[in-house]
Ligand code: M6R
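Single chain ahead, written as structure tokens, the form predicted alone.
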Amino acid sequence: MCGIVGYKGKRKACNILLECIKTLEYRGYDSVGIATLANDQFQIKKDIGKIDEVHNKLNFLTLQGNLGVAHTRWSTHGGVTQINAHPHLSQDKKVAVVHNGIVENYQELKHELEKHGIKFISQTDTEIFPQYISYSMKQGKSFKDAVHETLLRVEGSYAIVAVNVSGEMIVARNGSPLVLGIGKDEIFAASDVPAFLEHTNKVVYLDDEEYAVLDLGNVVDSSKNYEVYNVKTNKKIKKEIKTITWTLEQAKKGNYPHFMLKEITEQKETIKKAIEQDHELIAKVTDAIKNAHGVFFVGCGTSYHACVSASYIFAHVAKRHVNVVLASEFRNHENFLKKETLVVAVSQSGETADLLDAVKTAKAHGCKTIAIVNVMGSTLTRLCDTSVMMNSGPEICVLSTKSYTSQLALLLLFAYSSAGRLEDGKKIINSACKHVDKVIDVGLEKLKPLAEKLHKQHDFFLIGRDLAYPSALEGALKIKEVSYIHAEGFAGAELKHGTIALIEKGVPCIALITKSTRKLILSNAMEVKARNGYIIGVSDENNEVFDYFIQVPAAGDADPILMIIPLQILAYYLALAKGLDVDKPRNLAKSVVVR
């Protein structure tokens, strides 16, 4: 996943582009580059490193012109080098492109162009775009037609912004997110809305296999500053301008040192907002679940863990079986999909490639589809028959925190609604919300010294049963993602089926305990203790087996909402103790838009 920005207007482009691309750094931070157009030629600066590091070295603000593109990279094709950093230029230096995605037929197209004397200088698949566009223009095609021909030839996923030395700008998407920002006398294109939210909240979402020609010209009506076309038919498409309700402050850190901490502390409000849903929508989703012959919950990573947790609650409360499938493995269940099947796709971004593929597979079989998602206007919301918004506001940190608890709350709500007990579900969630601030305060106080004590450990093990088991999976994922410490989550009884062989003196084991599983998990914890493991108890009451105790009030079916918060905070402090970048962990991206 990478972040891309395009700007065309009356202001100095480099200032706008630098500001916008900084907002998208969570999407990639291997390298960064900006190209602007001035005096009919491109000025370009790019290098490896994070945005501020490269800016301090190169000073992007010396670039001239009122049009340009910017890119922050998460490498997938070609190493992390200065020459592989975006933007990429054509051989004749007349076309510049930034790209997010993967060109699957890169080698075929490269060999075709090389036969015509075109030399490639990078190892990236992205260079196909400027080179092929330029080649087509040399065959007499206009810039628009050359871009269109290139899009027809490319196989794979892309979001691109392409510009030429005449000042024409064209953007396109297929499988990777791209949104237009419609301002006064200016227009933006970006991977995500927060990039330009300071300048406009008027947006146009592009769908797959669409491209847009951005031409301000002398047009006074900003809604007519662009034209959108279908890639396959090349027919013009009418697109609706939508208004974003997120505020700029929601997308900024404020007084917090990191987005991760800010987003953890927002959970008291975001959990409440998650269940503030229209009653007709709740009834619609509930009826779809109850009337389906076969229900699949599908997600990736954190969202998958929320699905696992929800499947337990649906079994206990609604007495309904739910199939939980990793999105990347969903194709293995294709033979069970029918028109009566319901697929519930869970995602923060709504742009994860594997999840979108799963939904497309479901729709190809005529299944009904429901999205539980945070980003309004995302690809997932446009693919699914019905969408339920998580209402969490922008989540900038690469790690999902507030979106996870919002997912848990929504899925719990639908479980209770499916059992005819909607108000009971709301009461349970709202009751848990009353404890969130205290859980956060206790965590911030007690977990920093624990992290400082344990940050040099090489392994963490987390155990739980029933609803605490998915929490163990998610807690282990948080520790791995941000602190780079190996961590594994287990159903408590599975510990002795092999993993207990890894327990040595001082190895931390986090025991997640609910009232219904207390005796069983304490027994598992004692097994670890007998082998000199270090036991951290997350429970509503202390026990002599614990070497360290974190109190979390019992919340019944909302236990997973509360017990994950201390694990989020512990992961945060472990990363700080190791001097790591909390908001942008290595090798990770906010939404995985490549398969």
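Position 1 is the first residue in the sequence shown; the rest follow in order. Computed from a predicted model, the values in this text were never measured in an experiment.
One more form of this protein should be noted, the form predicted in complex with the named molecule, which is absent from this view; the next part is about it.
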Hey, in the predicted complex, is Cys300 touching the named molecule, heavy atoms inside 4.5 Å? yes
Though only this chain appears here, would Ser191 touch the named molecule in the predicted complex if you measure heavy atom gaps against 4.5 Å? no
Any of the heavy atoms of Glu481 lying within 4.5 Å of the named molecule in the predicted complex? yes
Any of the heavy atoms of Leu477 lying within 4.5 Å of the named molecule in the predicted complex? yes
Residue (of Val147, Leu399, Val163, Val359) lying close to the named molecule in the predicted complex, criterion heavy atoms within 4.5 Å: Leu399
From Ser417, Ser406, Thr126, Ser349: within 4.5 Å of the named molecule in the predicted complex by heavy atoms is Ser349
Contact segment among 456-464, 425-433, 340-348, 94-102, judged by heavy atoms lying within 4.5 Å of the named molecule in the predicted complex: 340-348
In sequence order, which positions of 137-163 have a non-hydrogen atom within 4.5 Å of the named molecule in the predicted complex? none
